[in-house]
Ligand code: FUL
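Given next, in structure tokens, is a single chain: the form predicted alone.
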Amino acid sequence: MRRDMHLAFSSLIFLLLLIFLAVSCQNQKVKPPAPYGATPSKAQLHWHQLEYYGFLHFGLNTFTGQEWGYGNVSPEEFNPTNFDSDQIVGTAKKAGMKGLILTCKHHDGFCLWPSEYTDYSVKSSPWKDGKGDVVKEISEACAKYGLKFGVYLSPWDRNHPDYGKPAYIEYYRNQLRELLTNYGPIFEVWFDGANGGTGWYGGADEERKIDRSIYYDWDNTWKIVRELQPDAVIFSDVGPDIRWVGNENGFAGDPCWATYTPQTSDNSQPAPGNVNYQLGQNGTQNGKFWMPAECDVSIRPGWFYHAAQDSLVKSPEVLLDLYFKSVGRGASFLLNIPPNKRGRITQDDSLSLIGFKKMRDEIFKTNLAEKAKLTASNIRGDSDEFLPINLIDGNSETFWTTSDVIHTPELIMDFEEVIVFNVISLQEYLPLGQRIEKWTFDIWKDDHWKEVTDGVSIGSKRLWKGELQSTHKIRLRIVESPVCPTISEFGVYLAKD
């Protein structure tokens, strides 16, 4: 009897163990893929989300008609008659910009804040009797309107008598500390690659050359940013966070990889102004660093305001084309909107900016993909966490992915009714790296698949705009990927002429 009871008890324990193991296996979470290659930092991920923001070139050049001031113009020339930070930042807000970067000091050395370390600044100008601070007013207006604020501090200074000597580096770093401690949170610090050449240099009026690879001791200069503004990204020809795209035309190369390995022609240390900058246009496939591109361009032919260029403002259509060739290739779009002599954004610029925003809003207001039934050739672990429905949930933190051994899956969208579109949008899940090398997009036409377009790389965002297409079924094929792909968003849109 005891033996029978013992066997029954043992059987019960064994059965409970089996149930426990079955439930445990069922509830075991499927792990996401391992990261691939270089991956973005938290600050870089936040930067990627901005996509489109503005540049403000403003200073003595605004009043002299120059682009690169020589450093010998009197501060008394700076006198905006109706400076209005609310109008400037408010215009950027209405344009849909997510932030503004101010040229706090351009190459002429004139400072838009009352720096403790020089008199060559707004404190020596007649504007507000020398008590004004452009940096403060713009930064406070950005906070008011919910825009990020960034600073441009030119490493070259054509006014300072010590430029080219070790003493200037101390001066430059002191000014960097001023900007990073007195004006609230900074999202980007912009370092120009133009360094060394002719200048006034305190009256010396001569040419001064520097070794761009070592003069600024960039590693220690960048440490100041890391210490005082740890959430900021650093921009220059060589990053270390954001790279120059290699042109000032506002577009990236195709493809434009988010990873990059800076190179020089003589094997010297890559540095701002000392790099094969043309390579930044495409980046480096499987590059050493996560260093995405920023595409800078002015809404006018010049970077500073010149009245003669009022009729030469880029149209909304031109800006939209640049948007597709910058943001649409995985880079950011940094558009310069220079305040005029009054200290305001002109009506010509404003009308173009608002027209550009209306065009973007019209295109992207309705994602036709949200009406589709999604099926994928593979889902990682058959887990609900990695379903293709994640592609149309509007949440960039969710994604569709496959088993590790599946590198070339396909995704199909079925629609109950025929849709008409001419724009598609793809986004990879960036925390796991840039993984997709080639892709193809097809539509179902006349009882067979017809290829519409293909591309190399996706990254932060990939936009395609082409001829009108009509279908009730579309397909995305990943053609080449060294690892399983991870895609976070997929959009299908109609851009009306």
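Residue positions are given as counts along the sequence shown, with the first one as 1. Remember, predicted model here, so these are calculated numbers, not experimental data.
Note that the form predicted together with the ligand isn't included here; everything after this is about it.
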When the ligand is placed as it is in the predicted complex, are His57, Tyr152 and Asp192 each within 4.5 Å of it, taking any non-hydrogen atom of the residue? yes
So which of His107, Arg212, Arg380, Arg344 gets a non-hydrogen atom within 4.5 Å of the ligand in the predicted complex? His107
Taking the ligand in the predicted complex as the reference, which of Tyr120, Trp303, Phe356, Trp290 has a non-hydrogen atom within 4.5 Å? Trp303
Name the stretch: of 142-150, 218-226, 295-303, 408-416, exactly one has residues whose heavy atoms fall within 4.5 Å of the ligand in the predicted complex. 295-303
Can you check whether Phe63 is within 4.5 Å of the ligand in the predicted complex, heavy atom basis? no
Using a 4.5 Å heavy atom cut-off, state whether Asp205 contacts the ligand in the predicted complex. no
Does Asp384 reach the ligand in the predicted complex if we count a contact as any heavy atom within 4.5 Å? no
Answer yes if any heavy atom of Glu248 is within 4.5 Å of a heavy atom of the ligand in the predicted complex; otherwise answer no. yes
